[in-house]
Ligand SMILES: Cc1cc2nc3c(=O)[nH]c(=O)nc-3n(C[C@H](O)[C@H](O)[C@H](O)COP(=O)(O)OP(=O)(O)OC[C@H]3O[C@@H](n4cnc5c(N)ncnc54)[C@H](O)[C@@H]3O)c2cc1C
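Before any questions on how it binds or moves, here is one chain, the form predicted on its own, in C-alpha coordinates.
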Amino acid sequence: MTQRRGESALIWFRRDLRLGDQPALAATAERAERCLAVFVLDERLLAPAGAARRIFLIRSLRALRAQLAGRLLVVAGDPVEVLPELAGRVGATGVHISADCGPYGRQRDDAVRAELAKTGIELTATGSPYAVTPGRVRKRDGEPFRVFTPFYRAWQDHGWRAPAGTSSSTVDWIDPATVAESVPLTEPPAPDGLTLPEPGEAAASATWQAFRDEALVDYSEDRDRPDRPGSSRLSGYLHWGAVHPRTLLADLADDLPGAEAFRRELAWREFHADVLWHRPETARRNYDRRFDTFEHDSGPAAEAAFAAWAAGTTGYPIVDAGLRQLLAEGWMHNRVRMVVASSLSRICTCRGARHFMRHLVDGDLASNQLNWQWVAGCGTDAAPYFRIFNPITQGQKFDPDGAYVRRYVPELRAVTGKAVHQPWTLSAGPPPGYPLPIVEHAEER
(Lines give C-alpha, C1' and ligand atoms only; values in the text may rest on other atoms or scores of the structure.)
Protein backbone atom coordinates (compact mmCIF):
# COMPACT_ATOMS: atom_id res chain seq x y z
CA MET A 1 0.00 0.00 0.00
CA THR A 2 1.30 3.47 -0.88
CA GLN A 3 2.01 5.76 2.05
CA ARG A 4 -0.51 8.56 2.31
CA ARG A 5 1.44 11.76 2.80
CA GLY A 6 0.60 13.87 5.78
CA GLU A 7 -1.53 11.23 7.47
CA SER A 8 -0.95 10.16 11.08
CA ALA A 9 -1.28 6.86 12.88
CA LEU A 10 -0.72 5.31 16.29
CA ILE A 11 1.40 2.28 17.03
CA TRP A 12 0.22 0.70 20.26
CA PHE A 13 3.09 -1.24 21.83
CA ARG A 14 2.24 -4.21 24.04
CA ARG A 15 4.36 -7.38 24.04
CA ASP A 16 6.58 -6.05 21.24
CA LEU A 17 8.90 -3.57 22.97
CA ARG A 18 11.43 -3.25 20.17
CA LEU A 19 11.96 -1.43 16.87
CA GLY A 20 13.81 -4.09 14.88
CA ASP A 21 11.87 -6.85 13.10
CA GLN A 22 8.63 -5.06 13.98
CA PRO A 23 5.90 -5.91 11.45
CA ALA A 24 3.37 -3.53 13.02
CA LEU A 25 5.83 -0.67 12.53
CA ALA A 26 6.32 -1.65 8.89
CA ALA A 27 2.54 -1.64 8.39
CA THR A 28 2.32 1.77 10.05
CA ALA A 29 4.92 3.19 7.67
CA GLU A 30 2.98 1.89 4.66
CA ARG A 31 -0.16 3.78 5.64
CA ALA A 32 0.95 6.97 7.32
CA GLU A 33 3.76 9.48 7.38
CA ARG A 34 3.71 10.40 11.08
CA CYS A 35 3.29 8.07 14.02
CA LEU A 36 2.61 8.37 17.74
CA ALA A 37 4.15 5.57 19.82
CA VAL A 38 1.92 4.60 22.77
CA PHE A 39 2.02 2.14 25.64
CA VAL A 40 -1.01 1.78 27.93
CA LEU A 41 -0.51 0.65 31.52
CA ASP A 42 -3.58 -1.56 31.87
CA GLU A 43 -4.27 -2.45 35.50
CA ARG A 44 -6.14 -5.60 34.49
CA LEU A 45 -2.85 -6.97 33.19
CA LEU A 46 -0.67 -5.45 35.88
CA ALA A 47 -2.71 -6.60 38.87
CA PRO A 48 -1.49 -10.24 38.88
CA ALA A 49 2.14 -9.18 38.39
CA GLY A 50 4.57 -8.95 41.27
CA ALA A 51 7.41 -6.51 41.74
CA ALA A 52 9.91 -8.29 39.48
CA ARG A 53 7.68 -8.28 36.40
CA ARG A 54 6.52 -4.70 36.99
CA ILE A 55 10.08 -3.48 37.48
CA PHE A 56 11.30 -5.24 34.35
CA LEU A 57 8.41 -3.80 32.36
CA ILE A 58 9.14 -0.27 33.55
CA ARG A 59 12.81 -0.66 32.71
CA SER A 60 11.93 -2.11 29.29
CA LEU A 61 9.70 0.89 28.59
CA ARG A 62 12.55 3.21 29.54
CA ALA A 63 14.82 1.36 27.13
CA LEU A 64 12.27 1.67 24.31
CA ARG A 65 11.76 5.35 25.10
CA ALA A 66 15.53 5.87 24.88
CA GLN A 67 15.59 4.16 21.47
CA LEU A 68 12.88 6.59 20.38
CA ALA A 69 14.77 9.60 21.72
CA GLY A 70 12.01 10.19 24.25
CA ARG A 71 9.13 9.83 21.79
CA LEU A 72 7.11 7.20 23.62
CA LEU A 73 3.85 8.19 25.28
CA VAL A 74 3.01 6.08 28.33
CA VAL A 75 -0.50 6.46 29.72
CA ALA A 76 -2.57 4.57 32.27
CA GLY A 77 -6.17 3.47 31.95
CA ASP A 78 -8.57 1.35 29.98
CA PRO A 79 -7.33 0.97 26.37
CA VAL A 80 -10.94 1.02 25.14
CA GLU A 81 -11.19 4.59 26.41
CA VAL A 82 -7.60 5.78 26.02
CA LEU A 83 -6.78 4.75 22.45
CA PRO A 84 -9.74 6.41 20.67
CA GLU A 85 -9.08 9.64 22.55
CA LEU A 86 -5.38 9.71 21.62
CA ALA A 87 -6.14 8.77 18.02
CA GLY A 88 -8.55 11.68 17.83
CA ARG A 89 -6.00 14.12 19.22
CA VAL A 90 -3.46 13.39 16.46
CA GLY A 91 -6.02 12.93 13.72
CA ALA A 92 -4.97 9.32 13.23
CA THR A 93 -6.47 7.31 10.40
CA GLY A 94 -5.39 4.03 11.97
CA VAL A 95 -4.00 2.30 15.05
CA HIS A 96 -1.44 -0.45 14.50
CA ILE A 97 -0.66 -3.41 16.77
CA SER A 98 0.93 -6.81 16.91
CA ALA A 99 -1.88 -9.30 17.49
CA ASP A 100 -2.49 -10.34 21.09
CA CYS A 101 -3.35 -14.03 21.14
CA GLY A 102 -4.40 -14.39 24.79
CA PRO A 103 -8.03 -14.57 25.94
CA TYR A 104 -8.14 -11.14 27.58
CA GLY A 105 -6.10 -9.51 24.84
CA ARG A 106 -8.39 -10.79 22.09
CA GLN A 107 -11.50 -9.53 23.89
CA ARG A 108 -9.87 -6.18 24.67
CA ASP A 109 -8.71 -5.68 21.09
CA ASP A 110 -12.18 -6.47 19.77
CA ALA A 111 -13.60 -3.82 22.10
CA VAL A 112 -10.96 -1.26 21.05
CA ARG A 113 -11.60 -2.07 17.38
CA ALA A 114 -15.33 -1.50 17.79
CA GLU A 115 -14.82 1.80 19.64
CA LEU A 116 -12.35 3.11 17.06
CA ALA A 117 -14.66 2.15 14.22
CA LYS A 118 -17.28 4.55 15.55
CA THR A 119 -15.09 7.41 14.29
CA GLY A 120 -13.85 5.65 11.17
CA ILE A 121 -10.46 4.62 12.59
CA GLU A 122 -9.16 1.15 11.75
CA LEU A 123 -7.33 -1.12 14.19
CA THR A 124 -4.82 -3.14 12.14
CA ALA A 125 -3.02 -6.18 13.56
CA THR A 126 0.19 -7.22 11.80
CA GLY A 127 2.23 -10.10 13.10
CA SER A 128 2.20 -11.44 16.64
CA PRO A 129 4.67 -12.38 19.38
CA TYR A 130 5.15 -15.74 17.63
CA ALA A 131 6.95 -16.96 14.53
CA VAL A 132 3.66 -18.50 13.41
CA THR A 133 0.54 -16.78 14.74
CA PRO A 134 -1.56 -19.19 16.83
CA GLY A 135 -4.47 -20.77 14.97
CA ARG A 136 -2.66 -21.09 11.65
CA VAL A 137 -1.07 -24.52 12.07
CA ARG A 138 -3.73 -27.23 11.91
CA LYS A 139 -4.10 -30.90 11.13
CA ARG A 140 -5.17 -31.94 7.63
CA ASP A 141 -8.78 -32.20 8.78
CA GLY A 142 -8.68 -28.60 10.02
CA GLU A 143 -8.66 -29.54 13.69
CA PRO A 144 -6.06 -28.09 16.09
CA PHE A 145 -3.16 -30.19 17.31
CA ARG A 146 -3.36 -31.70 20.78
CA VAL A 147 0.10 -33.29 20.83
CA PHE A 148 3.39 -31.45 20.50
CA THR A 149 5.41 -33.66 18.13
CA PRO A 150 2.98 -33.57 15.17
CA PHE A 151 2.45 -29.86 15.85
CA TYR A 152 6.21 -29.34 15.67
CA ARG A 153 6.45 -31.08 12.29
CA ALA A 154 3.54 -29.06 10.88
CA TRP A 155 4.92 -25.83 12.38
CA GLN A 156 8.24 -26.35 10.62
CA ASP A 157 6.50 -27.23 7.36
CA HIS A 158 4.40 -24.05 7.61
CA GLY A 159 7.49 -21.90 8.07
CA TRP A 160 7.67 -18.20 8.87
CA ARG A 161 8.49 -14.92 7.19
CA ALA A 162 11.93 -13.35 7.11
CA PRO A 163 12.56 -10.63 9.72
CA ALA A 164 11.12 -7.21 8.92
CA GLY A 165 13.70 -4.52 8.25
CA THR A 166 12.46 -1.82 10.62
CA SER A 167 14.21 0.69 12.88
CA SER A 168 13.68 4.00 14.64
CA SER A 169 13.89 5.77 11.27
CA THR A 170 11.10 3.76 9.64
CA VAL A 171 8.58 6.55 10.33
CA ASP A 172 8.55 10.14 11.54
CA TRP A 173 7.65 10.05 15.23
CA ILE A 174 5.20 12.50 16.76
CA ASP A 175 6.46 14.29 19.86
CA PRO A 176 4.24 12.89 22.66
CA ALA A 177 4.55 16.13 24.63
CA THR A 178 2.30 17.77 22.01
CA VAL A 179 -0.40 15.16 22.64
CA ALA A 180 -0.55 14.25 26.33
CA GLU A 181 1.54 13.98 29.46
CA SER A 182 3.23 10.65 30.04
CA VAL A 183 2.85 8.99 33.40
CA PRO A 184 6.12 8.67 35.35
CA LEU A 185 7.92 5.38 34.79
CA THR A 186 8.34 4.77 38.50
CA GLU A 187 9.43 1.35 39.71
CA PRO A 188 7.66 -0.31 42.62
CA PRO A 189 9.84 -1.13 45.65
CA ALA A 190 12.13 -4.05 44.88
CA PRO A 191 12.45 -6.99 47.28
CA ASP A 192 15.83 -7.14 49.00
CA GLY A 193 18.45 -8.76 46.81
CA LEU A 194 16.38 -8.84 43.63
CA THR A 195 18.58 -8.94 40.52
CA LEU A 196 17.07 -8.67 37.05
CA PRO A 197 18.54 -8.83 33.54
CA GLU A 198 19.32 -5.72 31.59
CA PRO A 199 16.18 -4.56 29.76
CA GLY A 200 15.66 -3.62 26.14
CA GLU A 201 16.32 -4.67 22.60
CA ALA A 202 20.10 -4.19 22.71
CA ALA A 203 20.40 -6.36 25.82
CA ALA A 204 18.22 -9.03 24.23
CA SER A 205 20.40 -9.05 21.12
CA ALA A 206 23.59 -9.27 23.17
CA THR A 207 22.15 -12.11 25.26
CA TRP A 208 21.19 -14.05 22.13
CA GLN A 209 24.57 -13.54 20.49
CA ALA A 210 26.44 -14.69 23.59
CA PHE A 211 24.26 -17.78 23.92
CA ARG A 212 24.51 -18.63 20.22
CA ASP A 213 28.28 -18.27 20.15
CA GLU A 214 29.12 -19.83 23.52
CA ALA A 215 26.38 -22.13 24.84
CA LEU A 216 24.29 -23.33 21.89
CA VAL A 217 26.83 -26.03 21.01
CA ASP A 218 26.08 -27.86 24.29
CA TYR A 219 22.42 -26.86 24.56
CA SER A 220 20.98 -30.33 23.97
CA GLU A 221 22.52 -31.54 27.23
CA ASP A 222 23.12 -28.39 29.25
CA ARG A 223 19.56 -27.04 28.98
CA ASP A 224 18.62 -29.55 31.69
CA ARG A 225 21.55 -28.68 33.96
CA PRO A 226 20.77 -25.81 36.36
CA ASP A 227 24.35 -25.98 37.64
CA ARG A 228 25.64 -24.89 34.22
CA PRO A 229 25.07 -21.67 32.22
CA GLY A 230 23.31 -23.63 29.48
CA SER A 231 20.00 -21.76 29.28
CA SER A 232 19.50 -18.98 26.76
CA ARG A 233 17.98 -16.66 29.41
CA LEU A 234 15.87 -15.15 26.62
CA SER A 235 12.43 -15.95 28.03
CA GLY A 236 11.89 -12.52 29.60
CA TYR A 237 12.95 -10.79 26.40
CA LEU A 238 10.68 -13.02 24.33
CA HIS A 239 7.74 -12.40 26.65
CA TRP A 240 8.01 -8.62 26.38
CA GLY A 241 9.02 -8.70 22.73
CA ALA A 242 12.49 -7.17 23.08
CA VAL A 243 13.39 -9.84 20.52
CA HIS A 244 11.12 -11.76 18.16
CA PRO A 245 11.42 -15.56 17.82
CA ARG A 246 11.52 -15.11 14.05
CA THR A 247 14.75 -13.13 14.48
CA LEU A 248 16.27 -16.00 16.42
CA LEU A 249 15.08 -18.63 13.96
CA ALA A 250 16.55 -16.68 11.04
CA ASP A 251 19.90 -16.65 12.85
CA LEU A 252 19.77 -20.35 13.76
CA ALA A 253 21.67 -22.18 11.05
CA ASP A 254 20.82 -25.88 10.80
CA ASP A 255 24.48 -26.87 10.91
CA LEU A 256 24.95 -25.29 14.34
CA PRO A 257 25.16 -27.92 17.09
CA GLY A 258 22.19 -27.50 19.41
CA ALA A 259 20.09 -25.69 16.79
CA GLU A 260 17.44 -28.41 16.60
CA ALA A 261 17.05 -28.60 20.40
CA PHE A 262 16.68 -24.84 20.68
CA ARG A 263 14.20 -24.69 17.80
CA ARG A 264 12.08 -27.30 19.59
CA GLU A 265 12.05 -25.18 22.73
CA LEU A 266 10.81 -22.19 20.73
CA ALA A 267 8.17 -24.45 19.21
CA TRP A 268 6.95 -25.53 22.67
CA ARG A 269 6.23 -21.88 23.39
CA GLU A 270 4.27 -21.64 20.15
CA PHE A 271 2.43 -24.92 20.79
CA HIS A 272 1.14 -23.72 24.14
CA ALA A 273 0.04 -20.43 22.59
CA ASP A 274 -1.80 -22.39 19.91
CA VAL A 275 -3.55 -24.57 22.49
CA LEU A 276 -4.66 -21.48 24.42
CA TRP A 277 -5.89 -19.88 21.20
CA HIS A 278 -8.21 -22.80 20.52
CA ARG A 279 -9.05 -23.48 24.15
CA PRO A 280 -9.02 -20.08 25.94
CA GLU A 281 -10.72 -21.57 28.98
CA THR A 282 -7.50 -23.49 29.76
CA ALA A 283 -6.09 -20.26 31.15
CA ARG A 284 -8.20 -20.99 34.22
CA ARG A 285 -9.48 -24.56 33.84
CA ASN A 286 -8.08 -28.00 33.11
CA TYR A 287 -7.45 -28.94 29.50
CA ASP A 288 -8.64 -32.41 30.45
CA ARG A 289 -11.98 -31.61 32.06
CA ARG A 290 -12.11 -35.00 33.78
CA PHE A 291 -9.78 -33.48 36.37
CA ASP A 292 -12.26 -30.77 37.37
CA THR A 293 -13.44 -33.00 40.22
CA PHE A 294 -9.96 -34.15 41.24
CA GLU A 295 -9.57 -33.74 45.00
CA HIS A 296 -6.65 -31.77 46.43
CA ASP A 297 -5.42 -31.51 49.98
CA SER A 298 -6.94 -28.61 51.89
CA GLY A 299 -7.11 -27.29 55.41
CA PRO A 300 -4.45 -25.91 57.78
CA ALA A 301 -1.83 -28.55 56.94
CA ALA A 302 -2.12 -27.85 53.22
CA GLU A 303 -1.93 -24.10 53.86
CA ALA A 304 1.24 -24.55 55.90
CA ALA A 305 2.72 -26.78 53.19
CA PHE A 306 1.96 -24.22 50.51
CA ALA A 307 3.52 -21.42 52.57
CA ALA A 308 6.69 -23.52 53.04
CA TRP A 309 6.74 -24.33 49.34
CA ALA A 310 6.37 -20.68 48.31
CA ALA A 311 9.16 -19.60 50.68
CA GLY A 312 11.54 -22.35 49.55
CA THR A 313 11.62 -24.15 52.90
CA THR A 314 10.26 -27.57 51.96
CA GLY A 315 13.35 -29.47 53.10
CA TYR A 316 13.93 -30.73 49.56
CA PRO A 317 17.03 -28.81 48.38
CA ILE A 318 16.43 -28.74 44.61
CA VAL A 319 12.87 -27.50 45.19
CA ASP A 320 13.95 -24.86 47.68
CA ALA A 321 16.79 -23.67 45.43
CA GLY A 322 14.36 -23.17 42.56
CA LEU A 323 11.83 -21.23 44.58
CA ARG A 324 14.53 -19.03 46.07
CA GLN A 325 15.96 -18.39 42.62
CA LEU A 326 12.48 -17.31 41.55
CA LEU A 327 12.24 -14.79 44.39
CA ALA A 328 15.80 -13.53 43.85
CA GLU A 329 15.82 -13.24 40.05
CA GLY A 330 12.24 -13.38 38.78
CA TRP A 331 13.30 -16.48 36.85
CA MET A 332 13.76 -20.19 37.42
CA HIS A 333 15.59 -22.82 35.41
CA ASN A 334 13.19 -24.78 33.20
CA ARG A 335 14.07 -28.26 34.48
CA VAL A 336 13.74 -26.99 38.04
CA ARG A 337 10.34 -25.45 37.20
CA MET A 338 9.05 -28.93 36.43
CA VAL A 339 10.44 -30.40 39.64
CA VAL A 340 9.12 -27.50 41.71
CA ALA A 341 5.67 -27.72 40.12
CA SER A 342 5.53 -31.48 40.60
CA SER A 343 6.34 -31.06 44.28
CA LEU A 344 3.06 -29.17 44.71
CA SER A 345 0.95 -31.81 42.99
CA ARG A 346 -1.09 -32.67 46.09
CA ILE A 347 -2.07 -29.02 46.65
CA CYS A 348 -4.25 -27.19 44.13
CA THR A 349 -2.14 -26.68 41.00
CA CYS A 350 -3.70 -23.31 40.16
CA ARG A 351 -2.19 -21.78 43.32
CA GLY A 352 1.28 -22.73 42.19
CA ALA A 353 0.61 -21.39 38.70
CA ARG A 354 -0.51 -18.07 40.19
CA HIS A 355 2.63 -17.94 42.34
CA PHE A 356 4.79 -18.39 39.26
CA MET A 357 2.84 -15.77 37.30
CA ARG A 358 3.23 -13.30 40.12
CA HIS A 359 7.00 -13.62 40.41
CA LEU A 360 8.26 -14.56 36.94
CA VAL A 361 9.61 -11.80 34.72
CA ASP A 362 8.68 -14.08 31.80
CA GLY A 363 5.22 -14.83 33.22
CA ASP A 364 3.57 -15.96 29.99
CA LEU A 365 -0.04 -17.09 30.45
CA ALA A 366 -0.03 -19.85 27.82
CA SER A 367 3.35 -21.35 28.71
CA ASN A 368 2.84 -21.08 32.44
CA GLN A 369 -0.68 -22.46 32.74
CA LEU A 370 -0.24 -25.27 30.23
CA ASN A 371 3.16 -26.33 31.54
CA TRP A 372 1.68 -26.56 35.02
CA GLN A 373 -1.11 -28.71 33.60
CA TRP A 374 1.45 -30.83 31.75
CA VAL A 375 3.28 -31.53 35.01
CA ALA A 376 0.02 -32.24 36.85
CA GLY A 377 -1.16 -34.64 34.12
CA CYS A 378 -4.37 -32.69 33.42
CA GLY A 379 -3.11 -30.94 30.29
CA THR A 380 -2.10 -31.98 26.77
CA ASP A 381 0.35 -34.65 27.94
CA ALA A 382 -0.93 -38.21 27.90
CA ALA A 383 1.09 -39.33 30.95
CA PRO A 384 -1.00 -40.25 33.99
CA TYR A 385 -1.62 -37.84 36.82
CA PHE A 386 0.41 -39.92 39.29
CA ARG A 387 3.69 -39.17 37.46
CA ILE A 388 5.52 -37.11 40.06
CA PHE A 389 9.15 -36.01 39.75
CA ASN A 390 11.30 -37.31 42.59
CA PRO A 391 13.13 -34.21 43.89
CA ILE A 392 16.03 -36.28 45.22
CA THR A 393 16.81 -38.20 42.05
CA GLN A 394 16.15 -35.11 39.89
CA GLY A 395 18.66 -33.16 41.95
CA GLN A 396 21.24 -35.93 41.83
CA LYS A 397 20.86 -36.32 38.06
CA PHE A 398 20.77 -32.71 36.94
CA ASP A 399 22.77 -31.03 39.73
CA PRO A 400 25.12 -33.93 40.49
CA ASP A 401 27.66 -32.01 42.58
CA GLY A 402 25.04 -29.77 44.22
CA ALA A 403 26.46 -26.51 42.85
CA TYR A 404 23.01 -25.14 41.97
CA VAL A 405 21.57 -25.95 45.39
CA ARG A 406 24.50 -24.37 47.24
CA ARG A 407 24.20 -21.22 45.13
CA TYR A 408 20.65 -20.50 46.31
CA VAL A 409 20.42 -22.29 49.68
CA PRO A 410 23.14 -20.80 51.89
CA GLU A 411 22.28 -23.08 54.82
CA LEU A 412 23.66 -25.99 52.76
CA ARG A 413 26.86 -24.45 51.43
CA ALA A 414 29.05 -26.43 53.83
CA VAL A 415 27.60 -29.73 52.59
CA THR A 416 29.82 -31.14 49.86
CA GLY A 417 28.95 -33.21 46.81
CA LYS A 418 25.65 -34.92 46.12
CA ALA A 419 24.95 -35.33 49.84
CA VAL A 420 23.48 -31.84 49.61
CA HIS A 421 20.36 -33.36 48.04
CA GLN A 422 19.58 -35.42 51.18
CA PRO A 423 20.84 -33.33 54.11
CA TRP A 424 18.59 -35.19 56.55
CA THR A 425 20.81 -38.28 56.07
CA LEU A 426 23.91 -36.52 57.43
CA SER A 427 25.12 -37.92 60.74
CA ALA A 428 24.24 -34.68 62.51
CA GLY A 429 21.08 -34.11 60.49
CA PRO A 430 20.41 -31.04 58.36
CA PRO A 431 22.65 -28.01 59.01
CA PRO A 432 21.25 -25.41 61.46
CA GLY A 433 18.44 -23.38 59.94
CA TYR A 434 17.52 -25.88 57.23
CA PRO A 435 14.28 -27.84 57.77
CA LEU A 436 13.53 -31.52 57.54
CA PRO A 437 11.32 -32.43 54.55
CA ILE A 438 7.77 -31.25 55.16
CA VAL A 439 6.43 -34.49 53.61
CA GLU A 440 7.82 -37.94 52.90
CA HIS A 441 8.06 -38.10 49.11
CA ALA A 442 7.26 -41.78 48.56
CA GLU A 443 4.21 -41.62 50.82
CA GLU A 444 2.89 -38.46 49.17
CA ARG A 445 3.46 -39.94 45.72
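This is a predicted model, so every value here is computed, not measured. Numbers for residues come from their place in the sequence shown, where the first is 1.
Missing here is the form predicted together with this ligand; even so, the following discussion is about that form.
Novice: Check for me whether this ligand, as it appears in the predicted bound form, comes within 4.5 angstroms of all of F306, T313 and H359 - heavy atoms only.
Specialist: None of them does, since no heavy atom lies within 4.5 Å of the partner.
Novice: Of 155 to 163, 267 to 275, 185 to 193, 118 to 126, which is the one stretch near this ligand in the predicted bound form, taking non-hydrogen atoms within 4.5 angstroms as near?
Specialist: Only one stretch qualifies here: 267 to 275.
Novice: Just to be sure I understand the contacts: of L326, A341, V74, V112, which is the one whose heavy atoms reach within 4.5 angstroms of this ligand in the predicted bound form?
Specialist: So the residue touching this ligand in the predicted bound form, by this definition, is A341.
Novice: Though this ligand is not shown, can you say which of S231, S205, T170, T133 has a heavy atom within 4.5 Å of it in the predicted bound form?
Specialist: Partner contact (heavy atom, 4.5 Å) among the options: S231.
Novice: Just to confirm, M332 within 4.5 Å of this ligand in the predicted bound form by heavy atoms?
Specialist: The answer is yes: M332 has a heavy atom within 4.5 Å of this ligand.
Novice: Verify the contact flag for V90: yes if a non-hydrogen atom of it lies within 4.5 Å of a non-hydrogen atom of this ligand in the predicted bound form, no if not.
Specialist: Result no; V90 lies far from this ligand in the predicted bound form.
Novice: Please check if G363 has a heavy atom lying within 4.5 Å of any heavy atom of this ligand in the predicted bound form.
Specialist: Yes.
Novice: Residue-level question: is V375 within 4.5 Å of this ligand in the predicted bound form, judged on heavy atoms?
Specialist: Although this ligand is absent here, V375 would touch it in the predicted bound form, with heavy atoms inside 4.5 Å.
Novice: Could you pull out the residues of 234 to 265 that have any heavy atom within 4.5 Å of this ligand in the predicted bound form?
Specialist: In sequence order, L234, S235, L238, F262, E265 come within 4.5 Å of the partner.
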